Ligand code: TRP
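Just the one chain here, the form predicted on its own, laid out as structure tokens.
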């Protein structure tokens, strides 16, 4: 997530002088109707600006280390991060370890998952000389921003946040933790601490981004008048991603917790077994029809993403071959695409000292930037006394 080349408001405007229940409506509206259309149009403009001058942008993205990264992460976000990096956009990649405990009682094998995530990032092409990879818990000044930011939102606003509602539904009815309730504020701190100005998101994540925009505006309205021409924070903008959503092997939402994924680090044989058990349907003739044949189309789409071919052409080439032929083609495409990534990943995992050194380097850089931002915040709030 990031802040943009221009502080212009392109998502629903929210009154920065007031904090009331209408703000929840604005957050919900961020991903619908005319607001979404404006975001789509602005995103296209941002793509052109990146091509002209990528140096004006800073992107923040990240993942919660709740399990091993899978091919849905790769095609959904990781490949896009690498593409932005290689286009010259500065990347900040947060491993959000503190957010692991937002909806669970413990952290699990966290160290293993963090290092596994590091290996995945580097194996797919993230370059530590061009991108800053860091952990949430290692940047105290970032987390200290939560205090002033929490003063800018209300309980009712957070409870009406569409993303908080969705996250709560995924907890299976357990009581909402304070960390889960304030998750959008934590994410706003992640975005704003490094002055990121561009955030690659899907439309379902726009309410999260709008919350960060609201907090940025409210902070500068309340505290930034010392120098109105140079606000502490600019409102970050959305770069809408066109990545299609891949289903799990059971035909449902791909999720690390459901065991329906193909992990980036899986070997070829395990991948073949997972795909052999993937759900299809009773119609032998293969077509690409995501609406009426989601499971079959999911495998066709996966094959297309892994091979760079058109999904309609893939379906036509299989024809009456049935689900078995489709799974065979999908397996070959996935294993071929990920073979060099998996080989590089194995090398990286065999050298944990290198992974730790890359993380230490990223943490050091993130800390320096976070301290600078926190000092700006304290200065704006007149909380520097010596």
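All of these numbers come straight from a predicted model, not from anything done at the bench. Residue numbers count along the first chain shown, from 1.
Keep in mind that the form predicted in complex with this ligand is missing from the display, and what follows is about it.
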Answer among 147-155, 304-312, 92-100, 106-114 for heavy atoms within 4.5 Å of this ligand in the model of the complex: the stretch 92-100
So this ligand isn't shown here. In the model of the complex, which residue out of 131, 120, 187, 298 has a non-hydrogen atom within 4.5 Å of it?
187
The single option of 191, 238, 215, 139 touching this ligand in the model of the complex, heavy atom within 4.5 Å
191
4.5 Å heavy atom contact, residue 205 to this ligand in the model of the complex
yes
Answer for residue 264 alone: is it within 4.5 Å of this ligand in the model of the complex, judged on heavy atom distances?
no
Would you classify residue 183 as touching this ligand in the model of the complex, given a 4.5 Å non-hydrogen atom cut-off?
yes
Since only the chain is shown here, I'm wondering whether residue 62 would be in contact with this ligand in the model of the complex (any heavy atom pair within 4.5 Å).
yes
